[in-house]
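As C-alpha cells, one chain now follows by itself in the form predicted alone.
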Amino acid sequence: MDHLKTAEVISKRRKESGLTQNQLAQSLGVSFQAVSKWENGTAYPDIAILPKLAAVLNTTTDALLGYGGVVADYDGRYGKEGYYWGLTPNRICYDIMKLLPPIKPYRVLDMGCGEGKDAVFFAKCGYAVTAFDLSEQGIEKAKRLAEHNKVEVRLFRADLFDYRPDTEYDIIFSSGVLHFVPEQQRKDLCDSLKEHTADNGINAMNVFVEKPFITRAPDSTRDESKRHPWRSGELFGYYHDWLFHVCREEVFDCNSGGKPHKHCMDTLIAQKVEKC
C-alpha cells in the first residue's frame, strides 16, 4: 500500500462526504485517533476494514490503495489477442491433484485467476471452482475459455482487499498475485485463508521473492510501488502450524510477454491437519 496516497484519498473523500474524523471513526467502530493516523500517513487501515471504509467514503478499495494503474496494466495485457500467460496449467495444479485427487468435487478457490487457465483446468478435472481477478478483461477471457472447454467456473471480478471467503474451501490456490499485498497485511490475509479452509484442506500458493542479483521483470507495471516482493521463507512462517507437502525456493527463467527474464519464487503447499 502507498501510505501517502492512501492517506490523501481518505482525507479527501472524508471531507467531500462532509464527515469529521470522529464521525468517520464512529461509523467504522474505530477511534478518531486511528482515522487521524490514517490521514497523516503514520498508520493504515486494517485489511479487514478496507471494504467498509471504501463504502462509507463512496469509493473503491482500488482507489484507496492507488491500484488504478495496476488494473489498467492488466486489462491492457489481457485485452490483446491470445492468452498472455499461455494455456499450460501451473505445475502447482498437478501437485494439488496428487494430494487431493478429484474423487469428489472438492471446492477450489483460485485467487487472482488472470485469464482462467488454471481455474478451467481444475474444472475440467472435476473440481468445483470459484475464481476471481482484479481485471475485467481477464475475467471475460476466463469465461470464454470455460465456455470453450464446456465447464462451469464461478467467475467474478474482485481484489484481495475487497474479497474474503464466505464459506470453506478444500483448496485455496494463488499464483503470481500475492506480491501486491503489503508486508504488514500478509499475516491477516493468510489467517483468513486458513480459517476458511476445510479440515484436511490445502493452501497452495507462490510468491515472488526479492533477490539483489535479479533485476525487475521487463513487463512489470510502471508503478513499482504497488509491488511488494516477499522475503525468503516469509510465506512458510505464516503456515508454520500446518503440514508442509511442498516447500521450495527457486530461480527460474520466464518469457511472459515475450521478453526473457528471471524470477525467484517461494512455493508452498500446506495442509490443515485436524487437531488430535
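Note that residue numbering begins at 1 and tracks the sequence as displayed. These figures come from a predicted structure and were not determined experimentally.
The form predicted together with a small molecule is left out here; the points below concern that form.
Among 125, 158, 99, 190, the residue placing a heavy atom within 4.5 Å of the small molecule in the predicted bound form is 158.
Across the options 197-205, 182-190, 108-116, 141-149, residues that bring heavy atoms within 4.5 Å of the small molecule in the predicted bound form belong to 108-116. Contact check for residue 78: a heavy atom falls within 4.5 Å of the small molecule in the predicted bound form.
Put simply, residue 132 is close to the small molecule in the predicted bound form: some heavy atom of it is within 4.5 Å.
Among heavy atoms of residue 74, some come within 4.5 Å of the small molecule in the predicted bound form. Residue contact check for residue 85: one or more of its heavy atoms lie within 4.5 Å of the small molecule in the predicted bound form.
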